[in-house]
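What follows is one chain in structure tokens, specifically the form predicted alone.
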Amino acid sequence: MLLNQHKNNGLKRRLATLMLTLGIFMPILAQAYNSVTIVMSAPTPANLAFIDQFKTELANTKNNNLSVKVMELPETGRLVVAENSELVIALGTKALEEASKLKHSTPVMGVFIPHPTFNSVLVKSHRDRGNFSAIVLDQPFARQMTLIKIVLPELNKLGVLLGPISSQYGAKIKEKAEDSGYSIFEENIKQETDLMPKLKQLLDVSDALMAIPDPHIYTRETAQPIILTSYRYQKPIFGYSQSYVRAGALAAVYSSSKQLAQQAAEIAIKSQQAPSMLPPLQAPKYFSIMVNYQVGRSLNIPLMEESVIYKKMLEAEPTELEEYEPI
């Protein structure tokens, strides 16, 4: 009996050592949650469309028992949720920043978050990536280049303006451009007065401009001068939003609120079943395209129907969704 007790004590010590080791090298596992709280800074049309579609996706999923709560950020004080028993979906930068202050064992997923913004919040929060993730707002560079190749198959020189935030992705853009058969010409904008002179230099040597989201370059104030300058050079702009196409870009690939909600609902349901880890930072899974036919006529560019372009893009999509590693 003493021998058996000694063996049992030895086994317990080994198990304790193993658990301690795992505790050091593995993230704390989040317990299963039974509800989702969607946090937003304001009830904007985009946020409300996301919420409606998210609820619809859950309602249409069999054997799903997740309840949904919606709350706006408090004007004063910290965000309060039922920590450790729910998934928090933060819509927008302010909501993600507040949600990052919750207990680190509370799973948090951001939506409508630019990739660089997520990087910044992650670093400041000291959160573990296992239960702190996002569906980034940025479209994969390869997907943007696929759109350009379908619309303008003869084009081979792409111009890219990079600002203080987007400059960190210069190497990645060149890598994807090489894979797609493009030569990339880039200009770095370090201050506001650099924008127009460097844009003109870029348009001199490139066939088209591929817009990369950067709040220091593409703003409401700069949209018109950038588009008018590209017109004068007879060079098309490929944007990243519906609004930029309406303003004068030739085409764009983007993800709507409803498409992001569909992806978020899929993640919520899947991670509830295996709640130890949220998926890594992801690109938008579902997307749409928009084409400005008037701009095409002005630039003498024949354009296919949007439905045809979209079908070709789906055929070119990789089987695995691109994951982003925080920089």
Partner chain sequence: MMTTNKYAPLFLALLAVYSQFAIAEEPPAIIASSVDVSEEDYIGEVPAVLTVSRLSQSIADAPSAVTVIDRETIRAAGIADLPEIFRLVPGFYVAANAGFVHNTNHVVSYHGMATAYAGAMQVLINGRSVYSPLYGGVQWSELPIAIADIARIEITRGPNAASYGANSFFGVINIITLSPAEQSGASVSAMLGNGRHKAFARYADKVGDASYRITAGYRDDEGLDNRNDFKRTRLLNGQVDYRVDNKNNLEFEFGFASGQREEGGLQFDPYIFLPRTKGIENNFELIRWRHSISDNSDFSLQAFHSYDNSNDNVTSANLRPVVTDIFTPIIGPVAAAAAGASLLQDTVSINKDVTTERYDIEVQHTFTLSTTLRGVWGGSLRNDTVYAPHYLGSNKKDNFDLQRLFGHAEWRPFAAAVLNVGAMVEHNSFTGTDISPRASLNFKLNPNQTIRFGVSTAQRTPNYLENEFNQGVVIPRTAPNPPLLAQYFSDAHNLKPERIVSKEIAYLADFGQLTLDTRLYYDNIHDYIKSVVNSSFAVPGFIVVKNPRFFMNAGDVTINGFEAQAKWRMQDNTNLLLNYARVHISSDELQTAFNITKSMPRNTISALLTHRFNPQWDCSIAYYQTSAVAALGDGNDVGSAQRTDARVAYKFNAAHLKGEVSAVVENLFNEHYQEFADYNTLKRRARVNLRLDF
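Numbering follows the first chain given and starts at 1. Being a predicted model, the structure only gives us computed values, none of them experimental.
This next part talks about the form predicted together with its partner chain, which is not shown.
Asks: Based on heavy atom distances of 4.5 Å or less, which listed stretch (174-182, 188-196, 99-107, 126-134) is in contact with its partner chain in the predicted bound form?
Replies: That would be stretch 188-196.
Asks: So, Asn64 and its partner chain: in the predicted bound form, are they within 4.5 Å at any heavy atom pair?
Replies: No, Asn64 is distant from the partner.
Asks: Any of the heavy atoms of Lys149 lying within 4.5 Å of its partner chain in the predicted bound form?
Replies: It does not: once its partner chain is placed as it appears in the predicted bound form, Lys149 has no heavy atom within 4.5 Å of it.
Asks: Residue-level contact is defined here as any heavy atom of the residue lying within 4.5 Å of its partner chain in the predicted bound form; does Leu155 satisfy this criterion?
Replies: So Leu155 does not count as contacting its partner chain.
Asks: So in the predicted bound form, does any heavy atom of Lys69 sit within 4.5 Å of its partner chain?
Replies: Because no heavy atom of Lys69 falls inside 4.5 Å of its partner chain in the predicted bound form, the answer is no.
Asks: So its partner chain isn't shown here. In the predicted bound form, which residue out of Ala247, Leu122, Leu79, Leu202 has a non-hydrogen atom within 4.5 Å of it?
Replies: Result of the distance check: Ala247.
Asks: Considering only 223-245, what residues come within 4.5 Å of its partner chain in the predicted bound form, judged by heavy atoms?
Replies: Sequence-ordered list: Ala223, Gln224, Pro225, Ile227, Leu228, Thr229, Tyr231, Arg232, Tyr240, Ser241, Ser243, Tyr244.
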